[in-house]
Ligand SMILES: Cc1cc2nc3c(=O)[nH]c(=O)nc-3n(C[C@H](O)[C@H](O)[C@H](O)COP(=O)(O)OP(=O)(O)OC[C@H]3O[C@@H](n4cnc5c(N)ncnc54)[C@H](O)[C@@H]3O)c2cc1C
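Consider the single chain below, provided in structure tokens and representing the form predicted on its own.
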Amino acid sequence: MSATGPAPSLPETLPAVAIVGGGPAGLMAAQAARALGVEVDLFEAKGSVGRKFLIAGKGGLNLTHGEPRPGFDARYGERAGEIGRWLDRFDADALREWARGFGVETYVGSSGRVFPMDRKAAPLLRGWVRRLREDGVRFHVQHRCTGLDADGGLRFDTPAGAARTRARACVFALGGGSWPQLGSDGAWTGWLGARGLDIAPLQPANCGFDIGWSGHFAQRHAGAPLKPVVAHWREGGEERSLQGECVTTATGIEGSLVYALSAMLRERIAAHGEAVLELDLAPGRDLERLQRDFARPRGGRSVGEHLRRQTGLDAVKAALVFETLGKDGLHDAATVARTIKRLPLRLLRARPIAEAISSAGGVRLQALDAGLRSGALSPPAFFAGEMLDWEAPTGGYLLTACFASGLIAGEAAARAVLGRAAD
């Protein structure tokens, strides 16, 4: 998805809008601004645009989700109201129609996730970049933005050396702090924060958590899937539960079920030093049956073999029971049954942000207007995508909001330029 090579120099002043960041939010901002007739230059730190988009789509591009609104909006938690207004402009249906414009048909999978028919990201990205270039968007790859001059000029590191230019309006779509090898390393928090922008600290989201297994468990069961399981926790004085799948790691646990709860778990660890999540390892069997079956004579079988045979647990689930109770705790059938139905996992910390699927924190939405513009910077500066302070579970919700915010910021930046020209 390489566009053009690095320019040896930049003009002192760009004609109109500069987009800084070549992920989905930045590309959509470029498309939206160009559609209103203003000139657009897009800058990307890496040698090609959309790298995280491509990597995220390796196992099948989850473009959006088929959940209807307002349930869709609720996935954004405390930011549901603000992001709901973005989705009023560009929601899941609009995203699917947009993809259709590039000849990419989509389908809704059994989980509600929406994928291209071929499940690939590359054809859609290639068509999008080609269209943007045909429409006149100028691409500048290998241009890493390193800060702003006192007058709002953009500074870049390029293979040809340092470069500087000033646009009439800027859209920043620099990503959060996850997957830094693909460009979103969060370095912008330093130089934008120094300019007075209100920024919430970046934190891991859709991430795994450390538990601290024994060496024996970690060595033998890291990478083993736990499915199906039901997670139980208390929130606001109420009992909550969610069925899904997760995976044991060398240090703890990760996977879609954990990712869906990561914001709550992260906040609970911050407040209490740990978070306890209880897992039902045998959702298809009730407590009484488990107790009755495990209480049967085991004859010459080992405790482990008896546990697996009588309860239906696979090797990793049985090992979790061992890890929790120890060998001596496996002699009481009532205790074993209760543990299988409510196995407590003590989560100690989130995994580092560099390992997370996405990040929370960023430019606070309350510091921006409806067009995602900050009043702290001049020339007019707008923000989009994951560098904004919101989060969402995986399943297409992240990508949809990135697209929608890019559209809003790109249009607002173009209107700022056109309004100034009209004056």
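Everything numeric here is computed off the predicted structure, so don't read it as measured data. Residue indices: 1-based, along the sequence shown.
What follows is about the form predicted together with the ligand, which we do not show.
Segments offered: 32 to 40, 380 to 388, 66 to 74, 361 to 369. Contacting the ligand in the predicted bound form at heavy atom distances within 4.5 Å is 380 to 388. The listed set 144, 131, 309, 289 contains one residue whose heavy atoms approach the ligand in the predicted bound form to within 4.5 Å, identified as 144.
Checked against the ligand in the predicted bound form, the candidates 154, 174, 124, 265 yield a single residue with a heavy atom inside 4.5 Å, and that residue is 174. Using a 4.5 Å cutoff between non-hydrogen atoms, residue 184 counts as a contact of the ligand in the predicted bound form.
Using a 4.5 angstroms limit between non-hydrogen atoms, residue 179 touches the ligand in the predicted bound form. For the chain shown alone, residue 25 is a contact residue for the ligand in the predicted bound form, at least one non-hydrogen atom being within 4.5 angstroms. Contact check for residue 62: a non-hydrogen atom falls within 4.5 Å of the ligand in the predicted bound form.
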